[in-house]
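Below sits a lone chain in structure tokens, taken as the form predicted alone.
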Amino acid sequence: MKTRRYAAAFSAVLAGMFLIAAPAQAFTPDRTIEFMVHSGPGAGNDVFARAVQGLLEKTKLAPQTIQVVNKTGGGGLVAMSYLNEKKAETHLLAVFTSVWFVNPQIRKKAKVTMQELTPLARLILEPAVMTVRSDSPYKTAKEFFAAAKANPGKLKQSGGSLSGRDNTTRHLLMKATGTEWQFISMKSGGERVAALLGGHVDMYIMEPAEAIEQIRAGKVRVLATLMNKRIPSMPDISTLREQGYDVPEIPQARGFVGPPGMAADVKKYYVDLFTRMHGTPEWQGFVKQNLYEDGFLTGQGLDKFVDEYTQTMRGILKEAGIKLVR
């Protein structure tokens, strides 16, 4: 009897040891994954999120359906605060852009920084161009600046968030040229283009893909590239620097970030997911077709980028004369 009791006890101990030694099951989404964007339908973030959604579903890399959720308000503040409140949430990601780095530096209501969230992957870098209607009297950036100087505060630029790249670029240009014009903030990219084409504004800073589409349709004229070098898809368009205006380049980075406190296995799942997507022919074709620059980064490289880009934007904001709150 004693022998049997000892054998049973030994078996129980062994079973417990195997139970402890068994590796924890890796995370796999078991319900709908949400991609949150801080802008409205048709804006750059929304279009980008839906493109990633479509690619992941087409390539069958994600085991669950993906839903894009528009959480607008406060120029990105609502979305950032919402994500911060969802600590350790496993099925919610958000698209980040430069606004997520700028807001905490210029807006007192912005209590969340990228360092407090969980950066997952930087996917693209997006150039920009300065555009007007095809029938605009301005054929060069110099002519636009001259008109703005002659009519202080009269010309108008359509754009997104007040803390976005287009408005930050506006401040840089006004400081560099001694001019002033208005910024009209609109929720969606469709509204901004419509405002330009309808003559309600005089200028709009577009992404190259959008500009190419409008150029082919004979609707817009590109005055300058806002990058330090010419864009390969528009080799005949000179940069602002080439036209005599030395202003800092503001690359638009787009990628995905998770809520704070995301578990290591959950983070690994999403990093691996975007890594696999990045390696597909479908993704490479998407980047090429939309005239993006491949800006793929994860891990320590991404963490370094987050810190450095925060400081880069801080320097640009100071140079633009934008008041910092922290």
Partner chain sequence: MEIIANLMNGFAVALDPLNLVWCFLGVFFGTVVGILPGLGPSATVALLLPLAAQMNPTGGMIMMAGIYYGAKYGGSTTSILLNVPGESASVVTCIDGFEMAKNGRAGPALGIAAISSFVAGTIGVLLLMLVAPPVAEFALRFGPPEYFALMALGLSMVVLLAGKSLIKALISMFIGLWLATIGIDMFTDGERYTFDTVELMDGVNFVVVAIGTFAIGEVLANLISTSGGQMFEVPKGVRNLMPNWQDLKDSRFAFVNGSLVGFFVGVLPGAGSTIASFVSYGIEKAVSRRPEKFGTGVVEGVAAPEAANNSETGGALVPLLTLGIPGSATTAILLAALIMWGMRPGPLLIQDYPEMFWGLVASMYIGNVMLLILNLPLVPVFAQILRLPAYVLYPLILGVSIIGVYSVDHRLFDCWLVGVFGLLGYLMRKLEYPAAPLILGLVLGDLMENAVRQSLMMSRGDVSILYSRPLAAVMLVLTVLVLVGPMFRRFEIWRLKAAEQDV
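Numbering follows the first chain given and starts at 1. Values in this document were obtained by computation on a predicted structure and should not be read as measured data.
One more form of this protein should be noted, the form predicted together with its partner chain, which is absent from this view; the next part is about it.
Since only the chain is shown here, I'm wondering whether Lys187 would be in contact with its partner chain in the predicted bound form (any heavy atom pair within 4.5 Å). Contact with its partner chain, yes.
Partner proximity in the predicted bound form: Tyr245 to its partner chain, non-hydrogen atom cutoff 4.5 Å: No, Tyr245 is distant from the partner.
Is Thr131 close to its partner chain in the predicted bound form, meaning a heavy atom pair under 4.5 Å apart or at it? It does not: once its partner chain is placed as it appears in the predicted bound form, Thr131 has no heavy atom within 4.5 Å of it.
Residue-level contact is defined here as any heavy atom of the residue lying within 4.5 Å of its partner chain in the predicted bound form; does Thr72 satisfy this criterion? Yes - in the predicted bound form, heavy atoms of Thr72 and its partner chain come within 4.5 Å of each other.
Select, from the options 90-98, 196-204, 226-234, 112-120, the stretch whose residues sit within 4.5 angstroms of its partner chain in the predicted bound form by heavy atom distance. This holds for exactly one stretch, 196-204.
Since exactly one of Gln289, Thr275, Thr28, Thr65 fits, which has a heavy atom within 4.5 Å of its partner chain in the predicted bound form? Of the listed residues, the single hit is Gln289.
Select from 35-58 the residues with a non-hydrogen atom within 4.5 Å of its partner chain in the predicted bound form and write them out in sequence order. Sequence-ordered list: Pro41, Gly42, Asp46, Val47, Arg50, Ala51, Gln53, Gly54, Lys58.
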